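Heads up, the chain shows up twice below as structure tokens, two forms, tagged structure 1 and structure 2.
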Structure 1
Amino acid sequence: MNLKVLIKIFRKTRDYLTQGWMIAGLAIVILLPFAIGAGLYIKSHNILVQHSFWDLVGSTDWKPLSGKFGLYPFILSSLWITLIAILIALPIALLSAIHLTTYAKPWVLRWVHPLIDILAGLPSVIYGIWGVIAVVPFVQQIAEFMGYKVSGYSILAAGIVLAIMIIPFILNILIEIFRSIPIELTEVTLSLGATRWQTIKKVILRKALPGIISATGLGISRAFGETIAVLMVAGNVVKIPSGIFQPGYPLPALLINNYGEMLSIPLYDSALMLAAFMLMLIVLFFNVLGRYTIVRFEKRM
């Protein structure tokens, strides 16, 4: 055998091995979400055999020691906090995105982009600690001003911290969306005598609506799964929050606070895994919705 043949065999083998490695990697990534979903479902099956799903989701009774696993307070807390966060974050991100893409000079965007990236990259625990230092006392003062005596650890505080966390995320998507709208549309309406704001209100916002919906969906999915920051400021009291100054107990906090003792009580682990499974499904739902709308939007542009 001469050298040429040897080299050829070597290259062929190397090609096969590397391709095998690549395909194996791809298989891992593609199978991962299904493995997680299946694993969590199998674990939560134990409790679903004994209690019906709607009983668990609709019950407010959380007493693991006597076998009562009502998830309603946690789900409701998560929904409230997410709702507050998105209500604060969306208008701010929307206004800022319009400003950056229409009114502001290009150098402003060049300066703001790094800021957005840094904000988006700050760890959740840093936002949490900022929440404890700044947001919780702030909320307490507002509550006091309005005549409530509370600690400040509340769903409002969690909502504010969460809003600040998801603004950079939503803003990044919105900027891309507003940029993809053809400039001719603006030029036409301006030449017809409309003011800039009228153009934005009547043309750009309408054109960008699917994009805005998608950014909202992605923001919701991001907010819903956020854990540490929310856990640090939400107060964590098992109770349906009766007002925005009341503490709440979101789903992720439930998981973090109880995983240690879940093995010693029957069905406890199954209930927590059901909570994790639901968390995943809700997040995926909003995520897929958001991504799908954005893909459709890009195709149309």
Structure 2
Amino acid sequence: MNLKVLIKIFRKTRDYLTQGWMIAGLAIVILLPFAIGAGLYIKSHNILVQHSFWDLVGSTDWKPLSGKFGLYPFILSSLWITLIAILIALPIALLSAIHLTTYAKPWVLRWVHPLIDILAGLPSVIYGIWGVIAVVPFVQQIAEFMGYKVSGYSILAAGIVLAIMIIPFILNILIEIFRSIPIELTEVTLSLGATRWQTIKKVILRKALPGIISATGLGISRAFGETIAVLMVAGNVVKIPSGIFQPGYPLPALLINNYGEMLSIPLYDSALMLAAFMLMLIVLFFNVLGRYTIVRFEKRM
């Protein structure tokens, strides 16, 4: 066997090994969500044997020592807080991204981008402390002005803090989306006599709509999973909130407040695992919904 044949065999073997490592890495990425979901479901099986899933999800009673594990108040609190956060964060991030990529000078974006990255990299506990110092008193003053006597630790406070946390995350995505739109589209529209705002509304936003939907879905997923900052300002009272000035108790706060202390009680541990499984299902639902919306829109376009 000559040297050329050996080199050819070596190169083919190296290519096969490299491809094998790539496939193995891809398989891990694909299988990991299923493995996490399966693990949470198995750990939740104990409580699902004794209680109906829909009874647990729809019940408002959370009395673990009495065997009652209603998750409805926690799910509803998470939905309220996330909805408030996305309603605040999305318009701010969208308008900021439009200004930075369309109206502002290039040097403005070069200066602002590092600041956005700094905000995105701050630990969540910093946002939580800032929420306790600034947002909670602000919400309390608003509530008192409207005739409510509350402590300020509420769904609204949690939503505001969470919105501030996810604005840099959504804004970074939107900036990249707007920058990826070909400049020729803008130039052609402007050359036809359209104003800059008409160009943004009729061309840029329509072109960027799938990306905006995707950024919104990722923002919702990020908001749902946030724990420390929300826990510090939400109030953490187990009841169905009757308004935005009432305290809430989101699912991540339930997990971090109770997990570790109640592992000796199998049913309690199983209930917390079910709460984690529910959190994963809700995030998965919003991701799938966002992806489905994008596909439908692209087909229409």
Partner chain sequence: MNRRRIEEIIFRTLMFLATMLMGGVLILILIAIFRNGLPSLTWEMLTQPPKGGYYFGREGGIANAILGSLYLSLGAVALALIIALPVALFLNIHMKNYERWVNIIRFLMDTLWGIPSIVYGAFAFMIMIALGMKASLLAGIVTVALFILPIMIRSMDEVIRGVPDGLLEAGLSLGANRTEVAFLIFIRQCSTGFVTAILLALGRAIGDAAAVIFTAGFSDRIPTSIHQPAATLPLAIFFQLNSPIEEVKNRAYASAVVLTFLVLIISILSRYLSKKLKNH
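Whichever C-alpha set is largest while still superposing within 1.5 Å between the two forms counts as the rigid core. From a predicted model like this one, the values you see are computed outputs, not experimental measurements. Here, residue number means position along structure 1's sequence, counting from 1.
*Asks:* The form predicted on its own: 1 or 2?
*Replies:* Answer is structure 2, the other one does not fit.
*Asks:* Relative to the larger rigid part, how many degrees does the smaller part rotate between the two structures?
*Replies:* So the smaller part swings through 18 degrees relative to the larger one.
*Asks:* Given the rigid core as reference frame, how large is the C-alpha shift of A24 between the two structures? Answer in angstrom.
*Replies:* Value for A24 between the two structures: 8.5 Å of C-alpha shift.
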